[in-house]
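The form predicted on its own is given below as one chain in structure tokens.
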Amino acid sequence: MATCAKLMLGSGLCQKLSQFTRQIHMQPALLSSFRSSREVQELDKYPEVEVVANPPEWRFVERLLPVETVPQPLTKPKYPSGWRPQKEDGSELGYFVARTKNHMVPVYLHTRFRGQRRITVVRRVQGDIWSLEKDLRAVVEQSRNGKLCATRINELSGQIHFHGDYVDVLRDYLKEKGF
């Protein structure tokens, strides 16, 4: 081991290695940190930049950007996924369930306690939330063969909670009603 160290010290390899380590320590590494970045110079030393509001090349960039709003779906007599557009405005029923921005029915399933408790949530309810809850509870109890169903209504947020997994039943009923 000592003879290897003596050979290495005597060779030019050791000198090159020590010069390299000195260079690394003398010049700060250009990393992403603000401490290692270059200092801000005077504006005269930077190249002139012209900001163009609407160049012709911008159309190639615009098609890559996501759209700001979801476009209205095309009207067809029947959709292959089973989706139906919203028809009812709620004027004759007294309540209205608004669709989401993606044109979907706002019925969700929340699971709690490691999946042991399932709660179906109907959101975006406007108008007479109590009559909607009565209608939806009748549909759920009919699917449960007459067994009672526990519900909770949050009038301020426009939500109805059903204890159990009734997402498909409620979503199909709301689609049939035109919501």
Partner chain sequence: MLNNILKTSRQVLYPVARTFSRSSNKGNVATETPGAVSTPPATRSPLILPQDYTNFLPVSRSTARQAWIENTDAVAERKVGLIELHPDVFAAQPRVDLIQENVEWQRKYRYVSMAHTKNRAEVRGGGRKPWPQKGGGRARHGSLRSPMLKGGGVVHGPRSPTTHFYMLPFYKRVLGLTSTLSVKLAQDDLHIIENVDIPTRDSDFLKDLIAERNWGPSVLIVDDDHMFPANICQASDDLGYVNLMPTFGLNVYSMLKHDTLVLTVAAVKHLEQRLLYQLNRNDAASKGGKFKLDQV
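Numbering follows the first chain given and starts at 1. A quick note: this is a predicted structure, and the numbers were derived from the prediction, not measured.
The protein also exists as the form predicted together with its partner chain; that form is not presented, and the subsequent description refers to it.
Asker: Select, from the options 43-51, 119-127, 106-114, 144-152, the stretch whose residues sit within 4.5 angstroms of its partner chain in the predicted complex by heavy atom distance.
Answerer: Contact-bearing stretch, as computed: 119-127.
Asker: With the partner left out here, check for me: in the predicted complex, does some heavy atom of residue 157 sit within 4.5 Å of its partner chain?
Answerer: Yes.
Asker: For residue 39, is any heavy atom within 4.5 Å of its partner chain in the predicted complex, or not?
Answerer: Flag for residue 39 set to no.
Asker: Decide whether residue 93 counts as a contact residue for its partner chain in the predicted complex under a heavy atom distance cut-off of 4.5 Å.
Answerer: No, residue 93 is distant from the partner.
Asker: Indicate whether residue 75 is a 4.5 Å heavy atom neighbour of its partner chain in the predicted complex.
Answerer: No, residue 75 stays farther than 4.5 Å from its partner chain in the predicted complex.
Asker: Taking only heavy atoms into account, state which residues of 55-85 are within 4.5 Å of its partner chain in the predicted complex, ordered by sequence.
Answerer: Counting only heavy atoms within 4.5 Å of its partner chain in the predicted complex, the contacting residues of 55-85 are 67, 68, 69, 70, 72.
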